[in-house]
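One chain follows as structure tokens, the form predicted on its own.
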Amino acid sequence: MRNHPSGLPFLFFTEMWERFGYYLMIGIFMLYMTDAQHGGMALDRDVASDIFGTFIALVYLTPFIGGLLADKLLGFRRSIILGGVLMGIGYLMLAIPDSPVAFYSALGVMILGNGFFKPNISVLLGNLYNEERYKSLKDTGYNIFYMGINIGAFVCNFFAAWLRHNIGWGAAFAAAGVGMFIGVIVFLVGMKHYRHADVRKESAAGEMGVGRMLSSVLLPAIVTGIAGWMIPGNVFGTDSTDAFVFGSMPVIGFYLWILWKAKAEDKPRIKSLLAIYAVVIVFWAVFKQNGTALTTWAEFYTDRTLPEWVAAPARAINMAQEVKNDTSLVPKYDSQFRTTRDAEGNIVKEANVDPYFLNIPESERPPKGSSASLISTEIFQSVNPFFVVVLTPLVIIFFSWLRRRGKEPTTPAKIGWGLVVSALSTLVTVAAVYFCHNGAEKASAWWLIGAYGVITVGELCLSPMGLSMVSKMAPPHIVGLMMGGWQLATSLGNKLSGVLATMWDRYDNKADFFWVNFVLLTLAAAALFLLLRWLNRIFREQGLS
């Protein structure tokens, strides 16, 4: 980081700790909601997927408001501090046991906090690179920043596994809150290094004020969201999806209004951003299934048995998940691990072995009464950030090598190739389904690791490049708002990921589920490459790369 702004390390570690808390919570969220054996909420998988998708969608929708208020009222530093404190409080609230009120209130507080934190730390980082001597390093700076995100995301799941197995769900959620507050402290310590970058731009002539923006956009979004929830029946599958889609319409309309009212010199910039926002929705719809469909795949379909050379030290520090091969009262599952409920809505239970052993032949199970040492399901959530940390330097070196030869792809082209590579990752999971005979036997963990490895390459070509693109391309007086637009696209993709995940149990052949993901990503990649010449022309005209 020697040639980069002095504020980069502090923003790096702030984001690292913030992501430690967020991904710790996300890594166990689906498991907690569907757990019917160890004190979880015992929700059906489709209901839990809907809650999961709605939460991660709203987490990325509120940055629209946070970016607007930072741009026009609070400034970026105040917004980041406020958002971090709110998220920390939300994680601690989530640790309160057996309280639906605390559970849903915690989700609301976290959603609001992320709205203030997420877009503004990215904008503040971009502002540090606006000095002439740093401009050429902006993509690299975002790659380094993105690596910090993933260090936090990698480490957190080991804490989550130990805490939930040895203490309980509440302790794991509380640890997320502690991580968030550490991040806030780091940010405060480094304040002098980015005070100069916290510059609010003057509004353009004729641009509406913040009060009018909120009343014209936020109020209609709330009203249409409530209307969507109350529509008899369902238009898009569930009440929450209806509410989200209808509530998003005024926000989407607002961005189209910004384009319509923009000055002539700003219109090409905004058009190119909106076009890329629309395409990357599909990437997030597939990528964010790591917390739902892929977590289910890891829990029930993946061989999680630890080799003895790993199991022994893991047992010594209580990191292994011990599953006893004995008969006990457990939820009743069908061949695709779907639970059933009785007339009162309770999960039907039966005397059987632990569900983990259901698709393992008896001859391959541990002796009766003894235990198998397993890797905890949430640890697989660390595979993607591990690959990000390992591969980020290689990606930086690769693009630097191309840059020196004048062959570096433009930012839109990098995003397009990211979509192509991500589509290939879904073929790995398709192959996994065939090789494990659709879950009749456990799939090797290497299939899941391989899928994460491939999609990580796609992610590194897309996500940090997208953040860099917004910072470069957005008109200066609305850069926070347009960063909120990137988060809005992520939000829509996240919600779509939840919608897709609710269909998991509807597919008897799981390969069909992953084929749908492949088709969606292939179509998105094709759309972007069709737009590429136009996007590259705008980048050239604006003096960008």
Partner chain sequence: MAKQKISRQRSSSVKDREEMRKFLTILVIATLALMILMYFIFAG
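Residue numbers count along the first chain shown, from 1. What we label the rigid core is the largest C-alpha set whose atoms superpose within 1.5 Å from one form to the other. Computed from a prediction, not measured in an experiment: that's the story for all the values here.
From this point on, the text means the form predicted together with its partner chain, which you will not see here.
Asks: Taking any heavy atom pair closer than or equal to 4.5 Å as contact, tell me whether L219 reaches its partner chain in the predicted complex.
Replies: Contact with its partner chain, no.
Asks: Please tell me whether any heavy atom belonging to I151 falls inside 4.5 Å of a heavy atom of its partner chain, as the geometry stands in the predicted complex.
Replies: Close contact is absent here: in the predicted complex, I151 is far from its partner chain, nothing within 4.5 Å, heavy atoms only.
Asks: Please determine whether R77 contacts its partner chain in the predicted complex, using a 4.5 Å cut-off between heavy atoms.
Replies: It does: once its partner chain is placed as it appears in the predicted complex, R77 has a heavy atom within 4.5 Å of it.
Asks: Does M249 make contact with its partner chain in the predicted complex, using a 4.5 Å heavy atom cut-off?
Replies: No, M249 is distant from the partner.
Asks: Which of these residues, S99, N166, T327, S400, gets a heavy atom within 4.5 Å of its partner chain in the predicted complex?
Replies: That would be S99.
Asks: Name the single residue among V457, M93, A314, V428 that comes within 4.5 Å of its partner chain in the predicted complex, judging by heavy atoms.
Replies: The residue in contact is M93.
Asks: Within 4.5 Å of its partner chain in the predicted complex, do we find a heavy atom from each of L82, V85 and M191?
Replies: Checking in the predicted complex: L82, V85 and M191 are all within 4.5 Å of its partner chain.
Asks: Tell me the stretch among 130-138, 378-386, 467-475, 101-109 that has any heavy atom within 4.5 angstroms of its partner chain in the predicted complex.
Replies: In short, 101-109.
Asks: With the core lined up, does the C-alpha of W417 move 2 Å or more between the shown form and the other one?
Replies: Not so; W417 is displaced by less than 2 Å.
Asks: Using a rigid core superposition, assess whether F244 undergoes a CA shift of 2 Å or more between the shown form and the other one.
Replies: No, because once the rigid core is superposed, the C-alpha of F244 moves less than 2 Å between the shown form and the other one.
Asks: P331: with the rigid core matched between the shown form and the other one, does its Cα shift 2 Å or more?
Replies: After core superposition, the C-alpha of P331 moves less than 2 Å between the shown form and the other one.
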